[in-house]
Structure formats: structure tokens, C-alpha cells
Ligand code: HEC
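Take a look at this single chain, the form predicted alone, given in C-alpha cells.
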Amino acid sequence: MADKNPFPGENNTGHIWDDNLRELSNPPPRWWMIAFWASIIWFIVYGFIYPMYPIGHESTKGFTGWTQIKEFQEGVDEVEAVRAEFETKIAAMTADQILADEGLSAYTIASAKVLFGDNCAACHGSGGQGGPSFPVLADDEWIYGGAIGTIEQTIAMGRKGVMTAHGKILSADEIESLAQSVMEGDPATNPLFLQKGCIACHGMDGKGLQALGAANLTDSVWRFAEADQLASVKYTIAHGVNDSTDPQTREAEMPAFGDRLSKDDIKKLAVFVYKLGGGQ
């Protein structure tokens, strides 16, 4: 091929395809060679400055002793140093006092967002809007009351109210009648409400006794909201809530977080929930 090279003096290798495609043997540009050797030198220097070369199960430490974990920890330490002043105040104050301090309250809410997301959002939604069969935290309807101390107690100790399953003592017609009264928001006008002992937990006016965690039956706020709300109310009356004697009972329990969160974290969450919009 080289003997029949149609491009003499071009410094090609003599490898020619399709009449004019050929391989040249020109050296790379000088700037490219400089960059190439500089990259090799930098690779070697980098390996001495930072952890890089594997030795057994570890790597060389580098002259600087830098590691990603060390840099991360330094960043965490910087953040903790800024937060220390606020955290010290929170530890020494009650939730009520935190709410009274506008600046500290704002810090607490910002700090508690992650806590809420990790521990509460799965059931109550990221904004406290509630999930299927889980209470809304962003309104002013509270079964046990919305005082900051009550919220704090609920988070720490949990809640598990009980409603007796009345399907064993009420007829289908009686259940239908009571459910209709509840749907109308005025159950106290139904004689069955008094006769069957509903007032013991829900009060004479049907607005519920917070001490017992009994629901307000007059506000049309449904703990178990379903497409067919009348059928849902009838089911609750028949099978109750957390009634161990009825295998079809509804289950509704707020777990206690006192054994998994610190007191300060519980205070933060209480303030956060209080400030979602409900409060008292």
C-alpha cells in the first residue's frame, strides 16, 4: 500500500480506504501533550494529598488527613454550634413558654419539621391534613382538647379511646335511627341517645366529653370519613372502636412516643402541631 500511496509527502501511514480516507501520523498538538502530562502529574500529587491508593481494606490517608466524613462532621458541628443557644433555651422552658417567645417559637417550628416528617406525617399527612381514618391536626377540632399541654401529653403517652360495640344491644332499626341523628348533627333530640346511654360518653348535648376522648357528634367532622358516611356511622355504632369483644371493631390508636423521642423533641412537636392551625 505504501508503494502506491496517492498522497506522497503527506506523512500518512499508507493505510488508505475508499480512495481518500487515510491514517496520518502527525504528532498531537503541543498544548494537548502539556495538558496530558500535567493531568498525570496532578493525579500523582492528588494521591499524596487526599485519601486514594488502596492498601488492604483501607486507603492511604493523604498528607492533609481529609475525609468526607470529617468534613461532614465539621459541618454538623457548625450547625450544632448555631443551634446550641436555642436548644439550651428549649431544654429549660415549657412548651407554653416557647410559644410565648416569638423567635424561639419560629426556630422550634422550623426544627420540628423533620421530626414531624419522620414520626407523624405517615398518618397525619405532611401538613397535618390527616390521612384515611387518621385525625386532621390542622383544624380546631380536638377529641382530647387542643391545649399545648394536652398535645404534649398525647405525643408522649399516646391515646387509645374505646367506644363500646352496640351491635349486641341495639336493633338494626335503632342503629339506623341513631346514625341518622348523628348525620343530622343533633343526636340529643333522639330519645334513643338518652335511653341507650350514649350521653355517658358523648354528653347530654352530644358534643363529647374530652376527658374520655369521646367524639363530638354535632360538628360533622368524621374520624372515619368514607364515601358512604351514613354506612360508616352505622358501622361504628355497631362495632365500636377498640372494643376487644368485637372482632370487627374499628382500630384507632395513637402510639406513645415518650420512649422513642426526647422530652425536648416532644416539646418541639407539640409546638409544631399547636401552630399547624388548630391550637385550642
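The shown structure was predicted, so the numbers you read here are calculated from the model rather than taken from an experiment. All residue numbers refer to positions in the sequence shown, first residue = 1.
Beyond the structure shown, there is the form predicted in complex with this ligand, which is absent from this document and is the topic of what follows.
A.B. asks: Mark residue 89 yes when one of its heavy atoms lies within 4.5 Å of a heavy atom of this ligand in the predicted bound form, and no otherwise.
C.D. replies: Outside the cut-off, so no.
A.B. asks: Does the 4.5 Å heavy atom contact test between residue 142 and this ligand in the predicted bound form come out positive?
C.D. replies: Because a heavy atom of residue 142 falls inside 4.5 Å of this ligand in the predicted bound form, the answer is yes.
A.B. asks: Consider residue 160 of the chain shown here, and say whether it contacts this ligand in the predicted bound form, taking contact as heavy atoms within 4.5 Å.
C.D. replies: Taking the distances in the predicted bound form, the answer for residue 160 is yes, it comes within 4.5 Å of this ligand.
A.B. asks: Looking in the predicted bound form, any heavy atom of residue 223 within 4.5 Å of this ligand?
C.D. replies: Residue 223 belongs to the contact set for this ligand.
A.B. asks: So this ligand isn't shown here. In the predicted bound form, which residue out of 201, 93, 148, 104 has a non-hydrogen atom within 4.5 Å of it?
C.D. replies: Looking at the other structure, the residue within range turns out to be 201.
A.B. asks: Among 94-102, 112-120, 81-89, 68-76, mark the stretch whose residues have heavy atoms within 4.5 Å of this ligand in the predicted bound form.
C.D. replies: Looking at the partner contacts, the answer comes out as 112-120.
A.B. asks: Taking heavy atoms and a 4.5 Å limit, what residues of 104-140 are near this ligand in the predicted bound form?
C.D. replies: Sequence-ordered list: 116, 119, 120, 123, 124, 133, 134, 135, 137.
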